[in-house]
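Here we start with a single chain on its own, the form predicted alone, put down as structure tokens.
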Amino acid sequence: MDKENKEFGLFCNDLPTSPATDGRIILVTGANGYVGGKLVPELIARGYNVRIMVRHDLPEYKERWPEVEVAVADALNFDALSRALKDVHSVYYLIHSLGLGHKKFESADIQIATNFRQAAENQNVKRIIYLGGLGDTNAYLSPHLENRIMVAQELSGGKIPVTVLRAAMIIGCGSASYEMLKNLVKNTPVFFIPKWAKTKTQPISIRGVIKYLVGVLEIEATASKNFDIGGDDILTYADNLRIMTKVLGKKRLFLPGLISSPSLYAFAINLLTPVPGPIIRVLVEGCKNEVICQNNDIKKYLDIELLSFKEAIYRANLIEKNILISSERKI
């Protein structure tokens, strides 16, 4: 169990759904990523047989989750993918290739989704649950957001029922969005705010994301449906920075920016934060798109209490402080 679970308890303890008791195997792809790493302990705690799919079998996986079965597979290798999917009931598709950079991730993601869908069909997988990105499909979208939609379409183009959850910024200790905001506020005394920083976004806490991911697994009626998920706050990116400034207790100056090039801002953010450059670039490019929920259909099936953006930031900051304190004590 990770630090956040220890600090605030398992996210899904109060989830108003019941886990299946038929011994089904749940495969989590991207388990070594941020969302996957939070999802696995929740599924274990609810009694599921969990298998994770990773490229390399590292000792840390069994140390972290002794109960899991580890399947080693590259999603571009069809045979290895088929072995990983053998006897699996439901799959969490949390794969993305953002680390490859904006010129390579698009084609790689579509090829992986195609491979995955075909292999899953061959192995008679019953459900796929995909975490994608928000974005108005009637508007021009950044390559990253357009890619998320194309992946969802590719996964949904076969026989297996696919549940698509579409989220904007995910806020939690260690998430890319949180790390970018936090380090920008810590390392930048003056902010020059471009016009696109006034674009609206609807962030959601990692707690809310995990509850929705587990909840739709346990509600069969959500199969073959698409849902927008977001917190209750609709904010601009400039609002996000100001709230982070208050939570961290910093004094920062916000001025109108004369330069609006996302590429230049991505370059500056890369110098000021530890988030990998390719990820920063595709995320910043997406800031020109309004990413808010177009509907609240998910609440018809799963009406859960969500954290505000400020509370999500506060919790993430508190968890991080406790981690640092614990590390200093060990030293």
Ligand SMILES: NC(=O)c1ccc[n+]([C@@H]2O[C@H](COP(=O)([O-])OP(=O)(O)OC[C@H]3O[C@@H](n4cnc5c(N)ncnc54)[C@H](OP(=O)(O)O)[C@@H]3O)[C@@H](O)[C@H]2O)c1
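We number the residues from 1 along the sequence you see. Owing to the predicted nature of the structure, the values given are computational and were not obtained by experimental measurement.
As for the form predicted in complex with the ligand, it is not shown, yet the points below apply to it.
At least one heavy atom of G132 is located within 4.5 Å of the ligand in the predicted bound form. The closest non-hydrogen atom of G36 lies within 4.5 Å of the ligand in the predicted bound form.
The ligand is not shown here, and in the predicted bound form it never comes within 4.5 Å of any heavy atom of A84. Looking at A168, you'd find a heavy atom of it within 4.5 angstroms of the ligand in the predicted bound form. When you look in the predicted bound form, the only residue of N226, N183, S260, S177 with a non-hydrogen atom within 4.5 Å of the ligand is S177.
The partner is absent here, but in the predicted bound form a heavy atom of H96, alone among H96, R127, R207, R117, sits within 4.5 Å of the ligand.
With the partner left out here, the ligand still marks one of 62-70, 264-272, 290-298, 47-55 in the predicted bound form; by a 4.5 Å heavy atom cut-off that stretch is 47-55. In the predicted bound form, the ligand lies within 4.5 angstroms of at least one heavy atom of each of the following residues of 70-90: A73, D74, A75, L76, in sequence order.
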